[in-house]
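Single chain ahead, written as structure tokens, the form predicted on its own.
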């Protein structure tokens, strides 16, 4: 027989239960934020040191500024002398860095989007093998190809030119770009394209007006990664650019630390901070698109 519990007993039992402490509910959050704070604290301290050192005339114990000065930022209005030589203008290096990064982004997105669409939609001989070798091509480190790239650029007359390094960097980046964009194209239903074709649009018009707007998050993410990759490029520019007219900010920084005995850490900190500012601003205004990169996960071949 079923046993019925009197309402008075149920109310009494509920009142006698001990409520869960709010601190126990928040404990996992405290642990998570504590671990996150501890792991990120060294990075935050390094950025704080970089900022203080760029404005400090002297640092006591290596991290306490004694006095502040703008002398470390003199590279903004005059050419800096370092190690007995006069460095090129920082604005020349900045212009070359922007030119290299923006052109790389345009070429990489243009070629990568077309290649990704072809891999996703068009059946052609060797398609499966090409997709399997795409990531293998990207896996080759650029340092392993330096000698071959040097001979090719020298033969074509593109050594010591930004355009030559730009072609090499684009070729190395396109396989991964095409693979990422292919994942976004895979998520676009075939019915959308067929509907446009039935309405009388050409294949090109369907691609431009219907398909591309649907993968805007993918194009934005690839553009951001391409720009950051070009802005932070050092090895290829250092190896194949020798004239000061084609110097970039990464090579400019290398000149400041070329001799360990003559490093001016105040100047180095200021130039490093100047080098970081465009990237920080770029990330602030594009972080929403970066967060949407997961929208185009790669499907199976």
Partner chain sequence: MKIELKNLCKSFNKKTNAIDRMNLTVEDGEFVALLGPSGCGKSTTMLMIAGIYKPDSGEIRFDGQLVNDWEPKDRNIGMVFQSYALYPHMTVLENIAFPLKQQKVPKKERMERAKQAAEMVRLGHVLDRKPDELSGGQQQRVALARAIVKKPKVLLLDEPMSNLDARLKIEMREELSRLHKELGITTILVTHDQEEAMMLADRIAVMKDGKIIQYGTPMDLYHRPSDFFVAQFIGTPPMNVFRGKLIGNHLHFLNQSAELNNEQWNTAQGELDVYVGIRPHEVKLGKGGDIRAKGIVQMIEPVGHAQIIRVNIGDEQLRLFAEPTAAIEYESEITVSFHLSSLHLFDVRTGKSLRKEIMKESQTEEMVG
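Everything numeric here is computed off the predicted structure, so don't read it as measured data. Numbering follows the first chain given and starts at 1.
Missing here is the form predicted together with the partner chain; even so, the following discussion is about that form.
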message: Using a 4.5 Å heavy atom cut-off, which residue among 209, 133, 94, 79 comes into contact with the partner chain in the predicted complex?
response: 209
- request: Could you spot which one of 214, 137, 99, 106 gets a heavy atom to within 4.5 Å of the partner chain in the predicted complex?
  value: 214
- prompt: Would residue 156 count as a contact of the partner chain in the predicted complex, using a 4.5 angstroms cut-off between non-hydrogen atoms?
  reply: no
field: Distance check, residue 194 to the partner chain in the predicted complex, heavy atom within 4.5 Å
entry: yes
query: With a 4.5 Å heavy atom cut-off, would you call residue 85 a contact of the partner chain in the predicted complex?
result: no
field: Contact label in the predicted complex: residue 74 to the partner chain, heavy atom within 4.5 Å
entry: no
statement: Of the candidate stretches 219 to 227, 158 to 166, 85 to 93, 200 to 208, the one with residues having heavy atoms within 4.5 Å of the partner chain in the predicted complex is 200 to 208
